[in-house]
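Quick heads-up: it's one chain on its own, the form predicted on its own, in structure tokens.
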Amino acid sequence: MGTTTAPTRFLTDAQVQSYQRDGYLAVRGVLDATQIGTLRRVTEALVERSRAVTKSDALFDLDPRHTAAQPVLRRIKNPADNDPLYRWVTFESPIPDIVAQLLGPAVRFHHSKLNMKGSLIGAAVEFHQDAAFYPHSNDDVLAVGLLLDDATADNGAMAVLPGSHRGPIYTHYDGQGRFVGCMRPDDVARLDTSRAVLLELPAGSIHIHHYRLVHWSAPNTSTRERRLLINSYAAADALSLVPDSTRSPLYGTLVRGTAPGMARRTAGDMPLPPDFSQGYTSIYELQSETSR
């Protein structure tokens, strides 16, 4: 699926510099209302399919309140594997060209997921860094969130801490040695969260964040959905330091550019997560360990 042609330039030099400085970027109007409407219908059809499911599986991460009468999903896993429109977003939409402006001309796909965050019941996501889940040989790794619904303060828009991608990767293990998928409270308390930016954006927008950036989101307390399609990408010369946990045939697909003949390394140590190669539920399930 990769291409050797030069990517279309969607970002200005100022936007690229902003991402490099702050570790995140918001871009409005990447997909139009018709495209977003079609994505919503595809998503709703998958939710209907989940009525027949009684426990989380390779496609659906079920909320504990899920029933056949009232399906409640926390996440749809690997959506690019399960529908051609999601696959188009991942590989052929403007998103890969935008990513190539930030990571360089050769880009690989890492994984996709659709966080549902339903009205009134959508769970919070605690403070975390993606690098704690899938460290790479260098730091040119990012995630792109495509909003299928308007994101606001009351429906759980994502918040980011600018510049935190230049800091450490914090432990995501608790004091008992369990990987719980979030930072420890004492590390969070030392952050200056007064500088946080809430990414309130209309549907069809994207927000991009560096995989070391500290980010989180509040629960959805509104009566509106806040569905977020997330695609993660890495520079083609950034090699994963852990086994593939996605079990997706698309994992590692070259999205743009040509395959490099050499890996690139960033100096320093990288903390490792547990071995998720035999399966991975979701960040929601991992973070539920903190309340237990």
Ligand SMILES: O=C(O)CCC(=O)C(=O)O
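Just so it is clear, the model here is predicted, and its values are computed rather than measured. Numbering starts at 1 and runs along the sequence shown.
Keep in mind the form predicted in complex with the named molecule is missing from the figure; the text below concerns it.
**Student:** Using a 4.5 Å heavy atom cut-off, which of 221-229, 41-49, 238-246, 23-31 contacts the named molecule in the model of the complex?
**Tutor:** That would be 221-229.
**Student:** Within 4.5 Å of the named molecule in the model of the complex, heavy atoms considered, which of 128, 210, 136, 108?
**Tutor:** The residue in contact is 128.
**Student:** Could you work out which of 100, 158, 161, 180 is the residue within 4.5 angstroms of the named molecule in the model of the complex, going by heavy atoms?
**Tutor:** Checking each option against the named molecule in the model of the complex, the one that comes within 4.5 Å is 158.
**Student:** With a cut-off of 4.5 Å between heavy atoms, is residue 284 one of the residues that contacts the named molecule in the model of the complex?
**Tutor:** Residue 284: yes, in contact with the named molecule in the model of the complex.
**Student:** Does the named molecule come within 4.5 Å of any heavy atom of residue 205 in the model of the complex?
**Tutor:** Heavy-atom contact with the named molecule at 4.5 Å: absent for residue 205.
**Student:** Answer for residue 215 alone: is it within 4.5 Å of the named molecule in the model of the complex, judged on heavy atom distances?
**Tutor:** Yes, residue 215 is a contact residue.
**Student:** Can you tell me whether residue 172 touches the named molecule? I mean in the model of the complex, with a 4.5 angstroms heavy atom cut-off.
**Tutor:** So residue 172 does not count as contacting the named molecule.
**Student:** Of 88-120, which residues get within 4.5 Å of the named molecule in the model of the complex if you count heavy atoms?
**Tutor:** Going through 88-120 in order - heavy atoms within 4.5 Å of the named molecule in the model of the complex - the hits are 113, 115, 117.
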